[in-house]
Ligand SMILES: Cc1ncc(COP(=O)(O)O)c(C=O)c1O
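Okay, here we've got a single chain as structure tokens, the form predicted on its own, with questions on binding and movement later.
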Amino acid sequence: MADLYQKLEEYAHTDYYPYHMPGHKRHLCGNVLAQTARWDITEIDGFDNLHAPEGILKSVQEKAAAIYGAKESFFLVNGSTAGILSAVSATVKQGGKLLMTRGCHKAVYHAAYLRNLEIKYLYPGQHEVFGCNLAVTASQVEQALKEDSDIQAVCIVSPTYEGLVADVEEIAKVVHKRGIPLIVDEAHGAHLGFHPAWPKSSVQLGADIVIQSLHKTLPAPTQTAILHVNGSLIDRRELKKFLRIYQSSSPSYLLMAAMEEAIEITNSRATELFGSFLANWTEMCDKLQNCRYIHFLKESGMDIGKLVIRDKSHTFPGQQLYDILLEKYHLQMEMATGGYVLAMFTIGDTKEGYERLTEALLQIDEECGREQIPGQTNENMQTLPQVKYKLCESWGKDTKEMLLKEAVGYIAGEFINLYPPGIPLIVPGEIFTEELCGYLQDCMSKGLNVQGITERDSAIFVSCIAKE
């Protein structure tokens, strides 16, 4: 039994009266709180403090570190976002320079803004068929570091949203030759390292800081994440300082207990859970080989569990395929782009889940190829916007709304990204190109979720920095 879980359960059965927060006073009030109120406490005697742990929270984080193979691990109750903000802030000095994958989550950009950082990008390229971002390579990192001696830290994503995994071990060697730290946004990889059929976790491969979203791939509630630290390049005092800044000063014991339990369950039942996962996944993939037109992203070393689905006949573009699966088959996908759909599988999936998607895709495949749409959909921009101003200089300048079709040559005043996953297509301070404006128009016409754009009276507007 998980320690924090047991202690909360025992305390719930005592007669201690709560003259403290939260306001529900551990009464079963309301439908939502009815199942949780008994455990929902604040930092009272005997329950430690996440921001200065000396007792039970220190113990549960040490157990998590031992399971993952980290020197230290820190529970994150504000999601991976808080971990990314803290990692970047602790490793790059105010006004310094960060080398980051262009496809990083927007939290990395937010950290760069808050710390007034200069950004140098890694462009790993795009998959020639699916158009999704590739994983960054060691040679790309090495070349970027050769070109700029002022870089203070490197931040990459592995696995990518679509499950492509970087060679973190080689990248860590390249970065450490410069004596600087490697941060890995492993938000989609909290399950890695528990079974030999999956890639190893970046924690085991030499990364200095690894941030994982427990809620994405483990049986943990939304908003739970963990940050792991290894090596001697990270100033622990700085890291803890920023964790206190970016996290709530009233961390939820419900979330922390759920995190402890999710890690313990995953570790203690790894053979059983991942064995079942692998068997169901393999059976599904074997059956889906019979598809004629529906095909799937397959790359060496991919993270098992990310099913990237595309109709190569172009009968059903990504958003339409997403809608069919949702409306006809009642299958909710993780996300859609113009050309493909992403389904995520974890140790929490049932055999029924695999069977229903398999049957649906086989049926849809029978409909493919009947009314082919010529050409191939580009999923991402082929060229990236030119940087005019640093992010920290741009966000806050006077802006004005402009019609998208008239924005070519103007400077973006706001992030624009497809959501999910929240990777920016243009960053404040970058120049709108004709290609980008056309791509954004295409995304909107396909009904994709584009953030940072306003649609009004059938016209599309974007935020641009007013010309000085």
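A residue's number is simply how far along the shown sequence it sits, counting from 1. Bear in mind that the values here come from a model prediction, so they are computed numbers and not experimental data.
Just so you know, the form predicted together with the ligand exists too; it's not on screen, but the next bit is about it.
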Q. Which of 345, 161, 194, 293 has a heavy atom within 4.5 Å of the ligand in the predicted complex?
A. 161
(Q) Looking at 79, 206, 305, 124 here, can you tell me which has any non-hydrogen atom within 4.5 angstroms of the ligand in the predicted complex? (A) 79
**Q.** Which of 243-251, 279-287, 131-139, 79-87 sits within 4.5 Å of the ligand in the predicted complex, heavy atom basis
**A.** 79-87
Q) Does the ligand get within 4.5 angstroms of any non-hydrogen atom of residue 210 in the predicted complex? A) no
**Q.** 4.5 Å heavy atom contact, residue 421 and the ligand in the predicted complex
**A.** yes
Q: Determine whether any heavy atom of residue 98 comes within 4.5 Å of a heavy atom of the ligand in the predicted complex, and answer yes or no.
A: no
Q) At the 4.5 Å heavy atom threshold, is residue 187 in contact with the ligand in the predicted complex? A) yes
Q. Quick one: which residues from 192-224 get a non-hydrogen atom within 4.5 Å of the ligand in the predicted complex?
A. 213, 215, 216
